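Listed next as structure tokens is one chain, alone, in the form predicted on its own.
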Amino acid sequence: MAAATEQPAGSPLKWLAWGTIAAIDLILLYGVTLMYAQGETAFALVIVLLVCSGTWVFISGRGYNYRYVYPALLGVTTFIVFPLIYTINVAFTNYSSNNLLPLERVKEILLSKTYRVEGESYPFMVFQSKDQYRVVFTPTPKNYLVSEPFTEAAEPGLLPAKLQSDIPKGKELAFRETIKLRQLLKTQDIKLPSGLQLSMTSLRKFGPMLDIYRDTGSNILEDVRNGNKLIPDFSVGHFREVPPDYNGDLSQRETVGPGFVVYSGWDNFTRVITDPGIQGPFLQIFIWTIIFSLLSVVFTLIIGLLMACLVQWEPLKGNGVYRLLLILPYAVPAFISILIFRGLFNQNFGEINTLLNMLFGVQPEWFSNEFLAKTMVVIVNTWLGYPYMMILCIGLLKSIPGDLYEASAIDGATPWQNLTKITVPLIIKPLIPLLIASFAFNFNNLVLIALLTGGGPNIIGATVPAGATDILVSYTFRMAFGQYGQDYGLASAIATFIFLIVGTIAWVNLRVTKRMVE
């Protein structure tokens, strides 16, 4: 495309390139229109920005130098920058399982609620003409009430019905066929010429129903049954029901669901810092995350380095076989190894407890005791991580000149002196950036915690579900997608803290790497 845009004006290749770009832009702009129509304004704006920037890069002469890096910038913007901005935006809202919808959508749901009133129920028939259906009532032997046509793709709504003397064209559906349409019929209300509204009350009848609420303007709804009003409380994102003459504190009244999303400012960040039920578990989990990451790096490095030295030892026969066996934990998918260890550490039937019971008469409670659960997590993560460190150390050990070890042997150095005076000093500098990267990886090791312990045992007194073996990322995951409720706003606030921490680690990594290169 770059070559095509360099063709002289009027060149067929240039027109082809411009036509291709125009076609791509039209397709993307059509997608933007659909997103905006569905209320996805943020996604629509991102696509518009990418379309405009991409078109400028590939058409303008000034953007020529950016054509080769634009795909990478596009990926970074789409999969890193936008999700990060979106997460931070959610952190300033009350977005949760109780507050999922915008205010207008909540009003629509409330206004669609109906209640049964006294009145005659009408048997009904369903007529089909091609892909359209009509509901027909027979109030008198010679007259028919026929609804407007609707299809299986129809949205929930209100269908006007008119009185006519003849049956509508089409096939009358048998009862068993009508039953198949019951879910569709439940979403369609019928409005009679008298103004009475009918809804499906059984498999054979429609009964009179009325709207519970009516819109009085200014986002205030009125209950037609008792005159009570629903007033939106923007501090919590819920409507509250109050009597007609109520002038008291709105926050003392009961809420009416569903809730709606509102911007709550710094409330989520403040909760993390000040709420004892969140602050205590958060600090405990944060400290454990640091300890877990450090221990994982230290133990995997020590074991990986010792194993690397072992398989590099020349007198050892068949070291290729040992190298293959020691790398196997790294070759097996992590989730399989984790699930196997979960079974091995089972408190009642696991092989580890069976062996310990036979030898020492003890059966540790690996999943119930906080200290033992953390010990188990470190053991399993060390098993999963040491092959990676061993591979790195094998490569670094090969770069050390053999003359140094020969000279140390002449001087009578011990293996420990060789390790501490030659091996470690020569490999530690290139290892430091990799160790920092390993620390960052373990800092976000969600799979291990989710599959091995699920975060348990639980921390007593936590406002939201939190476990002793939870690390920050698993704590956030449970908060956002756990079975005890989803608080996306609070989870996004904690995710923002995690981003700042990991970002700091990455910055330190870059600084250390740059200093070592210099």
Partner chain sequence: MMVQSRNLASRVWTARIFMILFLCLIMFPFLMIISVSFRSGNFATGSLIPDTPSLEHWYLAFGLPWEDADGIITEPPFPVMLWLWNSIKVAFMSTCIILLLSTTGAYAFARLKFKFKEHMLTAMMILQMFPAVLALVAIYSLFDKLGNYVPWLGLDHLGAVTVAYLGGLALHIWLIKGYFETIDNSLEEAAFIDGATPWQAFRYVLLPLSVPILAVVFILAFIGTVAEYPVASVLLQSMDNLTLAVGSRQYLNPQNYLWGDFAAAAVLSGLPISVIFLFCQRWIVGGLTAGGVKG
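Heads up, when I say rigid core I mean the largest set of C-alphas that superpose within 1.5 Å between the two forms. Quick caveat: nothing in here was measured; it's all calculated off a predicted structure. Numbering follows the first chain given and starts at 1.
Below, we refer to the form predicted together with the partner chain, which is not included among the displayed structures.
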- Have a look at 395-403, 237-245, 223-231, 183-191 and name the one stretch with heavy atoms inside 4.5 Å of the partner chain in the predicted bound form. 395-403
- Please run the contact check for Y115 against the partner chain in the predicted bound form: heavy atoms, 4.5 angstroms, yes or no? no
- Exercise: Y86 in contact with the partner chain in the predicted bound form, heavy atom 4.5 Å: yes
- Message: I'd like to check something about I505: if you look in the predicted bound form, is any of its heavy atoms closer than or equal to 4.5 Å to a heavy atom of the partner chain?
- Response: yes
- Evaluate L34 for contact with the partner chain in the predicted bound form, applying a 4.5 angstroms cut-off between non-hydrogen atoms, and reply yes or no. yes
- Message: Quick check on this chain: which one of A154, I291, L372, V332 has a heavy atom within 4.5 Å of the partner chain in the predicted bound form?
- Response: V332
- Message: Please identify the residue among L210, L355, L103, L111 with any heavy atom within 4.5 Å of the partner chain in the predicted bound form.
- Response: L355
- Message: For the three residues F269, L301 and I432, which mark the spot I'm curious about, does each lie within 4.5 Å of the partner chain in the predicted bound form through at least one heavy atom?
- Response: no
- Query: Considering only 58-86, what residues come within 4.5 Å of the partner chain in the predicted bound form, judged by heavy atoms?
  - Reply: Y64, N65, Y66, Y68, V69, P71, A72, L73, G75, V76, T78, F79, I80, V81, F82, P83, L84, Y86
- Superpose on the rigid core, then tell me if the C-alpha of G61 is displaced by 2 angstroms or more between the shown form and the other one. yes
- Message: Following rigid core alignment, is the displacement of the V464 C-alpha between the shown form and the other one equal to or greater than 2 angstroms?
- Response: no
- Query: Does superposing the core leave V473 with a CA shift of 2 Å or more between the shown form and the other one?
  - Reply: no
